[in-house]
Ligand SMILES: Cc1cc2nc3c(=O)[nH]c(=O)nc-3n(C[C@H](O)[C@H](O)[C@H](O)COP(=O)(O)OP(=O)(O)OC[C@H]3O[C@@H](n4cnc5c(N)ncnc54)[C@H](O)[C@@H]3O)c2cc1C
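Here you get one chain, nothing else, as structure tokens; it is the form predicted on its own.
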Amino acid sequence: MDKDIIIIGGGASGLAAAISAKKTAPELNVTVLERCDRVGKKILATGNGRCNLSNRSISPENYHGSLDAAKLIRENSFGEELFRLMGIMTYADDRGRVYPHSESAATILNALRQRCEELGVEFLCGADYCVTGIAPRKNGASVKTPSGEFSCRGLIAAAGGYASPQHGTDGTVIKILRELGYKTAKICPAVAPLKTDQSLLKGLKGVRMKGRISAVSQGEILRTEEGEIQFTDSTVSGICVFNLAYLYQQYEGRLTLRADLLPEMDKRQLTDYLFSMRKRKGSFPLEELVTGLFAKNPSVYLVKRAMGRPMTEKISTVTDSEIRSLAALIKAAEFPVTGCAPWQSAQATCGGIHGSCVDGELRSRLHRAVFFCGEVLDVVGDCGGYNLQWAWSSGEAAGRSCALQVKEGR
């Protein structure tokens, strides 16, 4: 079963690579091997089903890993404009996040499938085409599957990482590549909730609060995000937390989340407010002390955590030091990070094939017929369309480079 180009994985980067390869060299046959029954299953889950396909504000600060993702994206334009040429109207929200006008991820996937069909890309889908082995050769590679062995002159690994295994990406191909000698950066969930001491979350389950949250290690603030902070019985979540999750890779065991739950007031203003509430609400129970600032559940939680007293006691009994402790907690509530949420809850993979293993065209430095794109590489973007844009752009680069190499017989 000889092919010109085989692409392992029919997700966002794999489809972009297929389109790019066929546009570059229409005479080559391009085959996508996809373990799911159809290509693009994970695309349907992006942006809560709306498909946040890109962001209009791309900078190096939005990407993390051992490759210069922002540079590659600048050099490869697959994204909003190309979707417009496919007939997809788009719009951006006030944070630059780009969505299809239909607000349906199916619109994007249908456009990609139709474009692939138009160009003559071959899809082989299902468990029979799950890749179980890769054997690079001097002038190509062979790929093992339950249905047989495929040989090709160019191979593109676009199989994703470990995140969201329910959509077909479980890290199998990364494991195979490791066995072939490829170096990987430390792998952990990203764009995901972070775990903390469950005793610190008692009373916060289901609470959502707008605030400012920082990742801190040994007193150093590493990064700060603003937005809605969400709590479960074991994790701290929300987009602002998702954008800090990649730091767990480097600071495991030394990372703390510090939440400012009232950023619109400084500590002195808040302290003065609490003193005035003690005077005004003195006859009320403690649980009412900050109900003018927060909903009931977080109000009770904060007073309990700061003072450790029964909520039935009177506000008038609160001491000056307790008021200062409560103000300090509201402005800097700390949650030591004990781990990441499981892969099923992660939107992306932190870590992957290290940047030292590829050249500027995403060609392998170990095996010249092998190329990489998307989440299989050591790149993770912030939440907000950055990871899909990396998938489109890296797929475009790998597809073009692979097709040119095969076409020219290099």
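Residue indices: 1-based, along the sequence shown. All values derive from a computational prediction rather than experimental measurement.
Another form exists, predicted in complex with this ligand; not displayed. Remarks below refer to it.
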Residue stretch of 166-174, 297-305, 205-213, 265-273 approaching this ligand in the model of the complex, non-hydrogen atom distance within 4.5 Å: 166-174
Heavy atom distance at most 4.5 Å to this ligand in the model of the complex, all of A18, V121 and G154: no
Looking in the model of the complex, any heavy atom of S393 within 4.5 Å of this ligand? no
Given that the partner is absent here, does G385 sit within 4.5 Å of this ligand in the model of the complex, heavy atoms only? yes
A70: touches this ligand in the model of the complex, heavy atom cutoff 4.5 angstroms: no
Within a 4.5 Å heavy atom cut-off, is E34 in contact with this ligand in the model of the complex? yes
